[in-house]
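Here you get one chain, nothing else, as structure tokens; it is the form predicted on its own.
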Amino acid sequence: MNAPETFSSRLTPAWRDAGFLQALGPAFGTELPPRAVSEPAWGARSPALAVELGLVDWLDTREALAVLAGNQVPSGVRPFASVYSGHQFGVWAGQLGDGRALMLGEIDTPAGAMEVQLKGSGLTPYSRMGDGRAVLRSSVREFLCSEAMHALGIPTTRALAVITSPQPVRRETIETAAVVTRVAPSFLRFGHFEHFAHTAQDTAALQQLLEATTQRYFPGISGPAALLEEVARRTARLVAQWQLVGFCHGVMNTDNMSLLGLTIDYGPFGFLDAFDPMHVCNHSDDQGRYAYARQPSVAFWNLHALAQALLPLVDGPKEAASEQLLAALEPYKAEFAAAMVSGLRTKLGLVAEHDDDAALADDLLKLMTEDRADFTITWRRMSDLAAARDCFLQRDKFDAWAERYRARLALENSDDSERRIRMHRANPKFVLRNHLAQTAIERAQHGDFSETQRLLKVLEHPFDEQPHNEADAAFPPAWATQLEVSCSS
């Protein structure tokens, strides 16, 4: 008798059609094949994700290269581009959709059913004025950041591979094409609900989407208000995690907000270097709408847009229905505040809870702002106050704060060695700074992906010391301040 098949030994994934959205009918998107790229080649792959998905052996095959390039469609699968709408930079943009992404299919994995999506696979009915392609530059960034965020413990879509092609793509200049394989339990967005509420004005389809969503992804939840509250809570926790590691999304449009509370659509993102709460990582964001400090309030604004989309599904007079949905949003504030205070307490190595903890953390952040202290390095060095002191120009102010911190540690009889261990588990040493990504990109553009794969390994263990990779945890070079990341990224 043959040994039972294991996920890790599969040479062919168990493909199904593109998930429940496709099953809901033609109103939810369009079935179409991806458009082939010329001369596809492996760029980068995530071995860790391949293990999790049970695709280790398959990822070494020619079939995998052809399928993930969009040059071959697995048997029995009908790729699918979904339609959605949304607000972009706070302005209603109307119909959008998977303009350069295509749901290849769904596979069974040890972690459960996962949707596999190709980003950069060519024109779809929702490409608008675009070409449906992704460029190598943005693909390397998305690949690395997806896996880096996962290693930080932050909910996110994942990236399995980058396929390269010499095919030219015009952005600000002529670049080359690439296709990223994205993986998630679902790519559902706030914008899917907005589409049927506002653009299509199809209440029956909106109700169908609500029921399918709650049944599959939110078991035990029934009705629009209950769903909205759960999404609000997940979003609050997610954004708090962004703030705690200094992550800036860069383009928090409602169509880029995951209903499942995942980080989705890596474009003009960035991790903070010198701490500036009003830092804007997206060069296209002229008004600073998506500045780091504004991310929590923008997320709440986006949730209000989702509430407006769900309004037609709430029974009763419109005013009462609105009040019901507003009440469902209210837990966002407390959930975010609690997650932030808890996270800051953990970053400070504190175990017990005290009323002054929030003020203690806030005062440190204010001093970091005044002195433009490096966000990641300062927090990492906080396990050793003497080392952290060197991050500040106003040493007297830091010394006064440190006295308060030591007094706070004494209240819970904190053991220094145990505290350092806790703090190193909470404060990453390695994040995907823009200059690290840029170095990997420049080498990749010359056909060398060794730096991308090396950096991936570093980012997979962000809390470890990794003394042989100290350069990746150093202060950014002066040229890093000149890097600009825009929506074309």
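The numbering used is simple: start at 1 and walk along the sequence shown. Model, not experiment: these values are computed from the prediction.
The protein also exists as the form predicted together with ligand AMP; that form is not presented, and the subsequent description refers to it.
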Given that the partner is absent here, state which listed stretch (412 to 420, 220 to 228, 94 to 102, 233 to 241) has heavy atoms within 4.5 Å of ligand AMP in the model of the complex. 94 to 102
Judged by heavy atoms and a 4.5 Å cut-off, are Q88, G130 and N256 together in contact with ligand AMP in the model of the complex? yes
Counting any non-hydrogen atom inside 4.5 Å, which residue from Y84, F398, F271, F275 sits next to ligand AMP in the model of the complex? Y84
Taking 4.5 Å between heavy atoms as the contact cutoff, choose which of R171, R389, R78, K366 touches ligand AMP in the model of the complex. R171
So in the model of the complex, does any heavy atom of D265 sit within 4.5 Å of ligand AMP? yes
